[in-house]
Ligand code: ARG
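One chain comes next, on its own, written as structure tokens: the form predicted on its own.
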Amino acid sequence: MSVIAKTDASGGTEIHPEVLAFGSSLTHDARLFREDVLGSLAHVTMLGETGIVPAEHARVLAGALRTLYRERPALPPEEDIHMAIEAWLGETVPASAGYLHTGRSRNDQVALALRLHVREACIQMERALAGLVTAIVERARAEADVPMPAYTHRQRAQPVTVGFWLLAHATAFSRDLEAFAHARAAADVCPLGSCAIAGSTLPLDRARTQRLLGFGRMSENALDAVSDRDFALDFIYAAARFGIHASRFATDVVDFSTGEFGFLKLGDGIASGSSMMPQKRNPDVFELVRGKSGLSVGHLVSLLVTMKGLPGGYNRDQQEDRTPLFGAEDTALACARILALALPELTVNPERTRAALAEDATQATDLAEGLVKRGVPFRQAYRAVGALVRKASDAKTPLAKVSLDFARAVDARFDAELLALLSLDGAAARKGTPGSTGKEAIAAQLDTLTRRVGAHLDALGQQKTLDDLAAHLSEPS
């Protein structure tokens, strides 16, 4: 391992091979190949246009970089992808290669590649999440009227519908969509031209490289620009938060597909068998999603701990940002895609969901609110209904089936009109507040999520991807 930046560039050749190997990040940051080549191509284009580098050398370098991007040949074994690309240029266009690093440090070069990568990763995650939210919304629309119990403390609480349950998860995932959009905006800052820490005496046209790379802004302070990994933290935080939401959805599916619940049946395409028990249909997909959410949280903690003790300026510790960043990216994207794939394989059993409501007292709150509408203070209504629930439980009678005489023996204010509120028919639809299980509220939630995803995809269509940049930079300007 020659390592230009550690030997040739500094005039020394005596670094221990073990030290060089210990410091190598090539295995990880080889994923930054496209980003580094495109950043170098924009940089050398600017150098040629400004006359900082002779036009002919800039042209030769740009041509070599385009070939490198297109053909991706084997690279020399340098310590990182950035030096490997420079070393390849040294072998390919030796008379011009030395000009490439003019007005640039690996500090701003790395920051640039990472920002390009995070911006691209956000686009991929946003598209995946938009697809997931859309799939859940369409499923919720189809099952908006299928009754099921909602749970607090994992106890049956109130009647809702399968559509309402699905919309709760879709709403959380739509916030993740916004979180990745925030991370993308945070990454949309061009640091190139910050150099090592203080900028350059050369007349670099930073605005030109910013435009060539499709960034919305340029960094404001060179010292901050090479120190900053907030954009990476924002991305990993968004991934961790999505992991938590995905875990919540997965846990519901795992529970609801058990024999004890029986609300959901797993399709053959996603059900895993047991190595020993022939009858088993295990929800491995959802258990793995739940397990991988822990990895996402760990990636966030890892980078937070790495960054929390560093002084200003670039420090080599920051090389360790790649493992949590790429890990969070891979995990989140895989989970989003597998959930969208698995969703159509879930079949609802409406008989079981309705039976779970019928055998419990989930309409108790509606009965208490019925008393409130007649002027009874809520705490009095609460106690009256609570007494009725206890008496029905002792009698092993579902609350919806108590007789009028049975109820009036508890409290004379109960009558037939009030007891009709215990019926499960239309129970969820009777809710009238925004965000509730009512028909108008459900329709509004479906419409809101559909419009939100559509608007997001429209805005995302204006964002330049790496492929867009490659096409833009593929020919001499």
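No experiment lies behind these values; they were computed from the predicted model shown. Note that residue numbering begins at 1 and tracks the sequence as displayed.
Another form, the form predicted in complex with the named molecule, is not on view; read the next lines as being about it.
Just one listed stretch, out of 24-32, 433-441, 46-54, 65-73, contacts the named molecule in the predicted bound form at the 4.5 Å heavy atom level, and that stretch is 24-32. Distance criterion of 4.5 Å from any heavy atom to the named molecule in the predicted bound form singles out Arg322 from the list His117, Arg184, Arg322, Lys292. When you look in the predicted bound form, the only residue of Ser257, Thr353, Asn107, Ser96 with a non-hydrogen atom within 4.5 Å of the named molecule is Asn107. Among residues of the shown chain, Tyr314 is one whose heavy atoms approach the named molecule to within 4.5 Å in the predicted bound form. Not displayed here, the named molecule is approached by Asp80 to within 4.5 Å at the level of heavy atoms in the predicted bound form. In the predicted bound form, the named molecule lies beyond 4.5 angstroms of every heavy atom of every residue of 415-434.
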